[in-house]
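One chain follows as structure tokens, the form predicted on its own.
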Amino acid sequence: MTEVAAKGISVLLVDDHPIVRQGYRRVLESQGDLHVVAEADNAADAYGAFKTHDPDVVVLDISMPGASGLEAIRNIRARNPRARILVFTMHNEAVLVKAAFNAGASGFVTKSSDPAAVVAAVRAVARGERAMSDDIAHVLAEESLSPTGSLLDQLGEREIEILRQFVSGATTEQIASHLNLSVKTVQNYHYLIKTKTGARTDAQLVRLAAACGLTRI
């Protein structure tokens, strides 16, 4: 029996919707060996809760006010490279899935998944395995067969996060505040994103992001 199995699995639940956290706390804790030790509703509080509670698994959403789950993954993994993180979100766009895995996520399941699939994914991630819901596995398989791929494939996870915030309407100053970066650094990232994607204007950047499922026009 592994150490995790012997003592149960502690979980940090991160989602900006209280009703979602409440519902999945009940689902997880009904298993008997899964224990939600803390909750958070934003990336900064998620990092703080991780430092305080050191959970076996972090279950978090990608979309949250301010810095997203991608930034939370980066920060948590920077503190503990062995942290086990399961993304639990409504998003199933290949660009976000790959960005999450590149940032250090161990699994990715969508909120349309059966609760039993979420529980199974938490257990798999706790064992050190990679977990994906069936729809995510399908999305990645389809994307891998695309002869051209996505222009956003050229972007790193930090660039994806800045682009996501920009096309969601955040200003350069707001993005800098959310990510603890200087305004100049965000401006440099903005220029680099345009260069890598070939977008000449911000409008083209928004259309490209929408085409890749990163936002909706």
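In case it trips you up, residue 1 is the first one in the sequence shown, and so on. Whichever C-alpha set is largest while still superposing within 1.5 Å between the two forms counts as the rigid core. Only a predicted model underlies this, so the values are computations on that prediction, with no experimental measurement involved.
The form predicted together with a further copy of the same chain exists for this protein as well; it is not shown, and the discussion that follows is about that form.
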### Query
Out of 49 to 57, 167 to 175, 154 to 162, 181 to 189, where are the residues with a heavy atom within 4.5 Å of a further copy of the same chain in the predicted complex?
167 to 175
### Query
Is F88 close enough to a further copy of the same chain in the predicted complex to count, meaning some heavy atom within 4.5 Å?
yes
### Query
Applying a 4.5 Å heavy atom distance criterion, does T195 contact a further copy of the same chain in the predicted complex?
no
### Task
Examine S133 and determine whether its closest non-hydrogen atom to a further copy of the same chain in the predicted complex is within 4.5 angstroms.
no
### Query
Would A124 sit within 4.5 Å of a further copy of the same chain in the predicted complex, counting heavy atoms only?
no
### Task
Tell me whether G32, H138 and A141, taken together, all sit within 4.5 Å of a further copy of the same chain in the predicted complex, counting heavy atoms only.
no
#### Entry: Contacts with a further copy of the same chain in the predicted complex - residues in 23 to 58 whose heavy atoms fall within 4.5 Å
G23, Y24, R26, V27, S30
#### Entry: Rigid core fit then T172 CA moved by 2 Å or more between this form and the one not shown
yes
### Message
Does R207 move appreciably between this form and the one not shown, meaning a CA displacement of 2 Å or more on the superposed rigid core?
### Response
yes
### Query
Is the C-alpha displacement of I162 equal to or greater than 2 Å between this form and the one not shown once the rigid core has been superposed?
yes
### Task
Can you tell whether S168 sits closer to or farther from S112 in the predicted complex than it does here, judged by CA atoms, where the change is 3 Å or more?
closer
### Task
Can you tell whether I175 sits closer to or farther from D54 in the predicted complex than it does here, judged by CA atoms, where the change is 3 Å or more?
farther
